[in-house]
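Single chain ahead, by itself, as structure tokens, in the form predicted alone.
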Amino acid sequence: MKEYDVIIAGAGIAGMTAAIYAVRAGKTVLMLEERVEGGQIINTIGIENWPGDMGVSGVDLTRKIMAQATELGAKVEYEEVTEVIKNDDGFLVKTEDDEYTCKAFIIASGTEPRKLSDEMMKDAGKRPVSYCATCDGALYKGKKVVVVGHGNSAEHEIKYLKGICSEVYNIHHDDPIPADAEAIFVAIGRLPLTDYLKGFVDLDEKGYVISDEDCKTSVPGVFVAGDVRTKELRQLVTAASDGSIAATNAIEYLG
């Protein structure tokens, strides 16, 4: 069984930043990423709110941060964390393929888009459904599309698509889809990826990990960073901030 000082669930901005801070403090670090490093930011073509790097793409920013983390000595494995168990020596972290142990654990597993209801998917018929306008919007240049949702995320999708499409409708998640819409873009919120944590740490009613700005959870030795944490603002810079705080507190916990 492979042993590490710190294991991080997730290799988005929060997880990669935590890895950089922990490995620079001389700790052995493993990031476990279910999908692809970078999280949802890899779908962004041009980032305008990352200090010092105006217009960098999500993919390029991710590559830079991951290269920094791994060159410093952090390890990464592409496996889904399925369970975390506290034991006398720290924590047993299970994935679909392996088991690892660590003395401190950082939750940075992020969120995923909330899906359309079965009824609405039936209404969509054979029309394509996308959860990322910046990824797929160009495919529908000059066409009529619909954005499902009302909030900041929906407003961002609408603004982006209006520069590409001939018509952009905006409806609620329980409204009928306009018959002439040729594609559906969904922006009805996100769900925290915390099923593997139920019964292990305290979660709020929506499934987010409960924590204050210190990024400490209800379990000593377990910390949380990024969008999966209860917080008001979910941005790249706050994810990086969380990562640094979670790692710093993990380092202090390890002594």
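The structure presented is a predicted model; accordingly, all values stated were derived computationally and were not measured. The first residue of the shown sequence is 1; numbering continues from there.
Unshown form predicted in complex with a small molecule; subsequent notes refer to it.
Peer 1: Flag V81 as yes or no: does it have a non-hydrogen atom within 4.5 angstroms of any non-hydrogen atom of the small molecule in the model of the complex?
Peer 2: V81: yes, in contact with the small molecule in the model of the complex.
Peer 1: Report yes if any heavy atom of S130 sits within 4.5 Å of a heavy atom of the small molecule in the model of the complex; otherwise report no.
Peer 2: No.
Peer 1: Could you tell me if I106 has a non-hydrogen atom within 4.5 Å of the small molecule in the model of the complex?
Peer 2: Outside the cut-off, so no.
Peer 1: Can any non-hydrogen atom of A239 be found within 4.5 angstroms of the small molecule in the model of the complex?
Peer 2: Yes, A239 sits close enough to the small molecule in the model of the complex that at least one of its heavy atoms falls within 4.5 Å.
Peer 1: By the heavy atom within 4.5 Å rule, which residue out of L193, I65, L30, I188 makes contact with the small molecule in the model of the complex?
Peer 2: Of the candidates L193, I65, L30, I188, L193 is the one lying within 4.5 Å of the small molecule in the model of the complex.
Peer 1: Pick the stretch from 37-45, 198-206, 211-219, 65-73 whose residues have a heavy atom within 4.5 Å of the small molecule in the model of the complex.
Peer 2: That would be stretch 37-45.
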